[in-house]
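In the form predicted alone, a lone chain appears below as structure tokens.
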């Protein structure tokens, strides 16, 4: 049977605007990538870069003490105030101390948990423990903070448990702030350390044992050097989040002030947005210095 060549031939696709644009983008991968990233990059610039620039500029404004109106004339008065007044030095040192204690406590708790999860537990137990570590992240921050307020209250669970050792509750203060924030940020420290331990080959641990090294020698000379970037990566989370936190301090901190509280107070009750912006620059500068210091350790690649 003869073939109808006219009907068997495939007609060429109709040239449309969409097809021409598709062909152009297909031939220019850089243009295609730029258009794909333009929307998220615009969002990033508007939300983060512009907001940070606005913060820097507003820190150079002042508030008229009589009218309460913002004077948009640029001055370093707020910067000078937060760097020379003893109040801000004291609060900055207190915030740094709390952040350092929270970070050290979280690392000490996270190391054995992460090691068990990565090197000892079976795959089934490991999955269960990962879910257990992640579970607190699914709860509201306020719920966890108020739960600790209840735990640390008079006649609370902590006082009941410590009573068997002849101890009492620490009450509301810096100790309560450290305990509460160490609990809240702990998953952010466990997970990077767990990921770092997963990358440590078991063969290295076996070889160390075969060569006669003790468990402590293996941990000190093999595991810890390989794990240092992951530990620092975890510390970035706990340290930076504690520096900027103010809710926990309001709930369990008693009369103590931290940098976050000063920012909150000046934005709200004091109605001094420029001074609040200047105070908010303190943790930003501290974290820039911290990230710069740890950049060469490879910690940023573990985030």
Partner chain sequence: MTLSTPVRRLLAALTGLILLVMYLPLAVVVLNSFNTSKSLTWPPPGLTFDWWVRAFHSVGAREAVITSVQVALASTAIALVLGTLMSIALQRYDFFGKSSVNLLVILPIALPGIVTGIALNNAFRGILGLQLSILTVIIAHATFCIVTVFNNVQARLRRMGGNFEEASADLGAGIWTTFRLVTFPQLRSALLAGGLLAFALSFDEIIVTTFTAGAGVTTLPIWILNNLFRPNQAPVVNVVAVVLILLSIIPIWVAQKISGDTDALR
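Take the two forms, find the largest set of C-alpha atoms that superpose within 1.5 Å, and that set is the rigid core. Positions refer to the first chain, counted from 1. All of these numbers come straight from a predicted model, not from anything done at the bench.
FYI, the form predicted together with the partner chain isn't displayed, but the following is about it.
Interface residue in the predicted complex among 211, 167, 157, 226, criterion: non-hydrogen atom within 4.5 angstroms of the partner chain: Contact residue from the list: 157.
Of 77, 205, 174, 100, the one that lies within 4.5 Å of the partner chain in the predicted complex (heavy atoms): By the 4.5 Å criterion, the partner-contacting residue is 205.
Any non-hydrogen atom of residue 135 within 4.5 angstroms of the partner chain in the predicted complex: Output for residue 135 is yes: heavy atoms within 4.5 Å of the partner chain.
Contact label in the predicted complex: residue 60 to the partner chain, heavy atom within 4.5 Å: No - in the predicted complex, heavy atoms of residue 60 and the partner chain never come within 4.5 Å of each other.
is_contact(residue 71, the partner chain) in the predicted complex, heavy atom dist at most 4.5 Å: So residue 71 does not count as contacting the partner chain.
Contact flag, residue 29 vs the partner chain in the predicted complex, heavy atom cut 4.5 Å: Yes.
Contacts with the partner chain in the predicted complex - residues in 116 to 148 whose heavy atoms fall within 4.5 Å: Result: 116, 120, 127, 129, 130, 131, 132, 133, 134, 135, 136, 138, 139, 140, 141, 142, 143, 144, 146, 147, 148.
After fitting the core, residue 254 CA displacement of 2 Å or more between the shown form and the other one: It does not, since the residue 254 C-alpha is displaced less than 2 Å between the shown form and the other one after the core fit.
Flag for residue 35, CA shift 2 Å or larger between the shown form and the other one after aligning core: Comparing the forms between the shown form and the other one, which are aligned on their rigid core, residue 35 does shift its C-alpha by 2 Å or more.
Core fit, then residue 21 C-alpha moves 2 Å or more between the shown form and the other one: Comparing the forms between the shown form and the other one, which are aligned on their rigid core, residue 21 does shift its C-alpha by 2 Å or more.
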